[in-house]
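Read the single chain below, which is given as structure tokens and is the form predicted alone.
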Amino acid sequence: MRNVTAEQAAALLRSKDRILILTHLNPDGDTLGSGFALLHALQHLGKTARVVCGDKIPPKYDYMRRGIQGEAGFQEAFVVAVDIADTKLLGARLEAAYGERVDLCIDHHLSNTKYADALFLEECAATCELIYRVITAMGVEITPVIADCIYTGLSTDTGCFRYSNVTPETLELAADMLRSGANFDDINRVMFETKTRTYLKLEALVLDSLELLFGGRCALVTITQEMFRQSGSNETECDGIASLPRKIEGVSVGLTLREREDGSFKVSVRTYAPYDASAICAKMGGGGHARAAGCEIEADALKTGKDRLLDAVGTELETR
């Protein structure tokens, strides 16, 4: 593994073709915004590229695909991962195919496991900030569709610019994306204000599972496969639920346990300063950022896994 700059990453991409761009499971606005912004830039240079994800991409992100040229018989020659700290986040199928074949990773998670041959890594609000630097270093103009993709990553990874990860550079880049034609009002409406009826039914079921722990300083909710069946919802509609527990008055650590089809659980941890979500998840073999991180609990170890998670939360609450 070698660390590279934005300029070196750009030069590497300009020298390659047939580029496969990997995004992570449970895709969010940052991984998809990064992937599709890069894809549009590469196609502007006349290169063939494709974005893939181990999960279905929610329809609300379809605007990122406009103008994409399909390539029949595409066969990758260079593999890029965006916003992916660990190959486990690719999912079993893509990890088996590409886990040891990633040529370049562009990421903002300091917990990155350095699995790629070349790594452009800097801590910032969103990987889209780094993608912007790579695209401009490639000499590509920021078109309205690229601006939409980058703005989406910025806004979703910052809670519409409300989280503590926002920096002056984040806001300046968002302003630049507006100047480049980003359709920010529609994006904000779709990402933060529009809820499907099935999501509202799911949220009601999830709130019924609420547990307040550690004297009300920690809140935990659980999303089960049975809740998906009852509500008609699915995993693509879960983006906003991870932030729900932390919104409760007095809560500093919010936990969301989401059951997968195989019975395992994806754990999302959200915290307020000074508590460190990545420190909690590190004790579970996961990672992420100080205020937002994740880990997993195996299907046959829910009770012991939950106990370990709560022990980690208790330690964090007691020692900070």
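All residue numbers are counted from 1 along the displayed sequence. As the structure is a computational prediction, the values presented were derived from the model and not from experiment.
FYI, the form predicted together with another copy of the chain isn't displayed, but the following is about it.
- For the three marked residues, Tyr151, Lys247 and Tyr272, a heavy atom of each sits within 4.5 Å of another copy of the chain in the model of the complex.
- None of Thr224, Thr196, Ser209, Gln230 but one reaches within 4.5 angstroms of another copy of the chain in the model of the complex through a heavy atom, and that residue is Thr196.
- This chain is drawn without another copy of the chain; in the model of the complex, the residue among Leu110, Ala175, Ala77, Ala96 with a heavy atom within 4.5 Å of it is Ala175.
- Per the 4.5 Å heavy atom criterion, another copy of the chain in the model of the complex is contacted by stretch 196-204, the sole one of 126-134, 113-121, 196-204, 82-90.
- Contact between Val251 and another copy of the chain in the model of the complex is found at the 4.5 Å heavy atom cutoff.
- Shown alone here, Arg162 lies within 4.5 Å of another copy of the chain in the model of the complex, counting heavy atoms only.
- Among residues of the shown chain, Thr143 is not one whose heavy atoms approach another copy of the chain to within 4.5 Å in the model of the complex.
- Although the partner is absent from this view, Asn188 contacts another copy of the chain in the model of the complex, with a non-hydrogen atom inside 4.5 angstroms.
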